[in-house]
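Just one chain follows, in the form predicted alone, and it is written as structure tokens.
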Amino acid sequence: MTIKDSGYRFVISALILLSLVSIYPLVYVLYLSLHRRLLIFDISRFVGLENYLFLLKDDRFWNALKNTVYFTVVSVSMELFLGLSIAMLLNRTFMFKGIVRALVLIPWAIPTVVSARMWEWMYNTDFGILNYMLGAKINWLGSPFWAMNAAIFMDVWKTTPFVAILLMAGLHVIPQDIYHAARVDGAENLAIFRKITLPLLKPVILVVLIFRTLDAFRVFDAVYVLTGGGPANTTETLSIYAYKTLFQTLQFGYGSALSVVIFLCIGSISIFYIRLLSRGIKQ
């Protein structure tokens, strides 16, 4: 047996394993989405696109989609801005640089459920440290306005270090000679940032946006631990709605249709960013 033949055997084994753990569940979820299946009443029949047609008229679905898009846009924007600022600062030379980098990574190292529970205590109306420091009594998790923003603040605190580390790696790749030449030519710091740093950092920024947008769009644990989707579904995201439909009301058909829609949204976002990334690399 040649090395080439043995290589094919390893690839085929990997493809079979991938099919079992990824492709088969995806196909089965698509199959379920075309059925009306309620385990409580022992109902299971083929309904075609009925679940998807009902989804278009489902106000709760559109509310969850709106919440998901809002969470994604605001959290990713804040994380990119803060992460880039932190990366620029950490890219400078100063004492105890390694220790500071390690401290910045602490929020990212904490499991999401633990972080959410910790922030839940901080948001407590009567005993939370945030209200104590502000000298106010804000109902962070009980107010329709503050609840979603409170979840966003927690997510930004948790994942900004991840963004900062990736961007800092991108900054290290940029040759310092370009900066020296620009300063010799009299370029100011803002011009250097706009004309040199941002264009050269664009591929890394797009990679960061791919990871964070996909992760934020399918957010579940952070919001679920903090609010459970409340109050009055004002923080319910698509993932939480699909979870409740599938495992609390046991509507496996409609819940699968929701899951398929989430998959299609994530796939569309991935294709969009990959095209931007490939276009930037070609340039």
Partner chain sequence: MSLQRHLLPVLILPLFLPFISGCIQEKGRQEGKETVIIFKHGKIAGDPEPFRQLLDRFEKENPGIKVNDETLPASTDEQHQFYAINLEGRSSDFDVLSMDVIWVPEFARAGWLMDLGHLIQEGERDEFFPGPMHAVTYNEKIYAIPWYIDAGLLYYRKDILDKYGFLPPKIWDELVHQAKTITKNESDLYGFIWQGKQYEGLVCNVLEYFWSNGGDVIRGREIVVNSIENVTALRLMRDLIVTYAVTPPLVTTAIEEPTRHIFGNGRAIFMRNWPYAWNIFEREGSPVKGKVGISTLPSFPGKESASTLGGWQLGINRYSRHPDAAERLIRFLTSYEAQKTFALTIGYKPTRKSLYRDRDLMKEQPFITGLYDVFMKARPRPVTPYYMMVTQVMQPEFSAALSGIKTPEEALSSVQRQIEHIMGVAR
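Computed from a prediction, not measured in an experiment: that's the story for all the values here. Numbering follows the first chain given and starts at 1.
Not pictured, yet referred to below: the form predicted together with its partner chain.
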query: Candidate spot G128, K158 and E188, all three touching its partner chain in the predicted complex (heavy atom, 4.5 Å); finding: no
query: Residue (of L26, V69, L250, L49) lying close to its partner chain in the predicted complex, criterion heavy atoms within 4.5 Å; finding: L250
query: Among the candidates T197, N124, N149, T213, the residue which, in the predicted complex, approaches its partner chain to within 4.5 Å (heavy atoms); finding: N124
query: Heavy atom contact within 4.5 Å of its partner chain in the predicted complex, the stretch among 74-82, 102-110, 173-181, 132-140; finding: 132-140
query: Contact of F54 with its partner chain in the predicted complex (heavy atom, 4.5 Å); finding: yes
query: Proximity of T227 to its partner chain in the predicted complex, heavy atoms at 4.5 Å; finding: yes
query: I12: touches its partner chain in the predicted complex, heavy atom cutoff 4.5 angstroms; finding: no
query: Distance check, S239 to its partner chain in the predicted complex, heavy atom within 4.5 Å; finding: no
query: In the predicted complex: members of 155-190 within 4.5 Å of its partner chain, any heavy atom; finding: none
